[in-house]
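This document starts with one chain, in the form predicted alone, laid out as structure tokens.
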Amino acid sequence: MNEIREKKVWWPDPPAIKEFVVKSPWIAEKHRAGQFVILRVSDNGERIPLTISDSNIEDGTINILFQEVGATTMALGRLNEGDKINDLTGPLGRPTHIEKYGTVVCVGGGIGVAPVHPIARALKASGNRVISILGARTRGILIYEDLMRKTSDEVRITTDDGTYGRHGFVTDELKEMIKSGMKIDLVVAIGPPIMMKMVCKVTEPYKIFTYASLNTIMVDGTGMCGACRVTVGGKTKFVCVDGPEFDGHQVDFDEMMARLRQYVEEEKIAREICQKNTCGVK
């Protein structure tokens, strides 16, 4: 259990992007699109949430993809095939509501493309026309393109620097699709908070329902600690048990982003310490 069966390095340069295939039969069996796990790398490590980007019931495995932006993800990235993740809890969160909507646009930014994958696949399996917009800073760090082409009717790509696909942002592509008169019944957005905020600003005037999958700070994953709280429609919600997906037009993204910045100095110190030693990984 919790053994890393395969390790893939999508992008080697800091902050590196890596993916693990982990042996976890129970989680693989119970996993539904949109759900996540919480893990600890070691006994004295912090708990972090990571969305399940794929699962295989026959093999009893789940896929988790992450970017080494903090001490814990750096420590996680130092594990190799055959190593075990200390603790792995899940699947957590409410699964994505899947039904036949019509035409669905799935928007993934950065490593947010990975959690979009099982959602797009489930929507496609339910008879929807799935158009995916994948965004990355540059071509080299674009992930899951082949997988998304298999689970989508159409894939559109944008890069900030213009090295691949459209030169611009995912919102530029989405705006053009809407203004062309395309009937869009649902938008799903996963990525950096500012990206999700801007996607919701694009769709709101047209009253296109938009799910945003939120990536708040989490500790226990059961709704007791309150670390993941967000304001949705003027009410306090807990991402771990009420989400992670919410009506993006109701989310207070500014408040959420402010809370994500509250431990910036502590995170910087933790990264510097981790860079000088093994991050608790032997």
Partner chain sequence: MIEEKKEMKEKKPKIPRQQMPEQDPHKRARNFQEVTYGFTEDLSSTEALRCIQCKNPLCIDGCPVTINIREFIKKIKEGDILGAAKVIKKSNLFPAICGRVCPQEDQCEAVCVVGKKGEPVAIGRLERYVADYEAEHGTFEMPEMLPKTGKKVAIVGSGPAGLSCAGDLIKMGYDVTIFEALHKAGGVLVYGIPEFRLPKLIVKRELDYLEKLGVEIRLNHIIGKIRTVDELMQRDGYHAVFLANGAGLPQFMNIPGENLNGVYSSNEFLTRSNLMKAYQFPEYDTPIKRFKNVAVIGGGNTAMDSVRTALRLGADNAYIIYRRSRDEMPARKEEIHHAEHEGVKFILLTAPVRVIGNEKGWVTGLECVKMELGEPDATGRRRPVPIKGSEFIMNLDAIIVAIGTNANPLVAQTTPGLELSKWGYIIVDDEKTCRTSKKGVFAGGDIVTGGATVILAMGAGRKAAKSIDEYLKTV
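Keep in mind the model is a prediction, meaning the values are calculated, not measured. Positions refer to the first chain, counted from 1.
This next part talks about the form predicted in complex with its partner chain, which is not shown.
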property: Contact label in the predicted complex: Tyr263 to its partner chain, heavy atom within 4.5 Å; result: yes
property: Close approach of Thr89 to its partner chain in the predicted complex, 4.5 Å, heavy atom; result: yes
property: Residue contact check: Ile273 to its partner chain in the predicted complex, 4.5 Å heavy atom; result: yes
property: Contact label in the predicted complex: Asp220 to its partner chain, heavy atom within 4.5 Å; result: yes
property: Members of 167 to 204 lying within 4.5 angstroms of its partner chain, judged by heavy atom, in the predicted complex; result: none
